[in-house]
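Here you get one chain, nothing else, as structure tokens; it is the form predicted alone.
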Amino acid sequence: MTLEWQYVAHALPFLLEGTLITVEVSLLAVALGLLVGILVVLGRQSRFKILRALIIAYISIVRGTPLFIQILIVYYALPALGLDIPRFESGVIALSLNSGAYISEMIRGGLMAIPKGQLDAARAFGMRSGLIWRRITLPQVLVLILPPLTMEFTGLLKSSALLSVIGLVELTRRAQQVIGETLRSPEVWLATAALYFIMCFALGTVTRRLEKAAAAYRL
């Protein structure tokens, strides 16, 4: 079968609009995921056993179930509890909750890389735990986890394709719509794959530079 790229040329602006939505959803998800990850790490250090148990259960459930199922639960199950959440917000929530569990492990790894002597010196100067966390611990951890955090963003870009199942009109969903109108799936899917590749390649380049910067920072 001969590929006819004129269909892609006509649909490209429509696909690019979907690409922007994909980037927007992924950016919001990784930002909220970072916030969730920080809260999870703080919660695991809590003196309340119930809170620690709930957080461990959350991490286990997120890491032990498919993201696809988590998206469906957020969009279809929560309305049964009286929470009617639109598609876009549902997608962001599902991705951020999933991402937060993994980002929390990145933060834990970053915490272990911080010299214990810095924290001891801060306590010796009379700094409280909250101030130590804000002024010393968190800034260093954020620098150390930048490379894996960028990789997590790349993963979210690709995982966001699953949001088409709840009708969010991002890149993959728009590709499906174009195919429905043109009946030219090979060309459209190849173009869609190329758009995902360009985004991920650009982020991969950023990740490699951040890894070099983080290595220099550790030195």
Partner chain sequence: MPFSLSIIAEAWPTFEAGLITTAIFCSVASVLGLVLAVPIALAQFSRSWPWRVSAKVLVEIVRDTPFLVQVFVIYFVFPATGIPMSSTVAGILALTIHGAVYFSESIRGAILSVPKGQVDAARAAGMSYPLTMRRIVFPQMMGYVLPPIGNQIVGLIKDSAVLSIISVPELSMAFQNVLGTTFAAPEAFVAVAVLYWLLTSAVTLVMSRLEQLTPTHRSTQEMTSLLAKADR
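Positions refer to the first chain, counted from 1. Since the structure is predicted, the reported quantities are computational estimates derived from the model, not experimental observations.
Absent from the display: the form predicted in complex with its partner chain. The rest refers to it.
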{"item": "Contact label in the predicted bound form: Phe14 to its partner chain, heavy atom within 4.5 Å", "value": "no"}
{"item": "Partner proximity in the predicted bound form: Lys158 to its partner chain, non-hydrogen atom cutoff 4.5 Å", "value": "yes"}
{"item": "Contact flag, Ile73 vs its partner chain in the predicted bound form, heavy atom cut 4.5 Å", "value": "yes"}
{"item": "Pro66, heavy atom within 4.5 angstroms of its partner chain in the predicted bound form", "value": "yes"}
{"item": "Leu168, Leu34, Val178, Leu162 - the one with a heavy atom within 4.5 Å of its partner chain in the predicted bound form", "value": "Leu162"}
{"item": "Contact at Ala77, Tyr102 and Trp189 by its partner chain in the predicted bound form, all three, heavy atom at most 4.5 Å", "value": "yes"}
{"item": "Partner contacts in the predicted bound form for 111-130 (non-hydrogen atom within 4.5 angstroms of its partner chain)", "value": "none"}
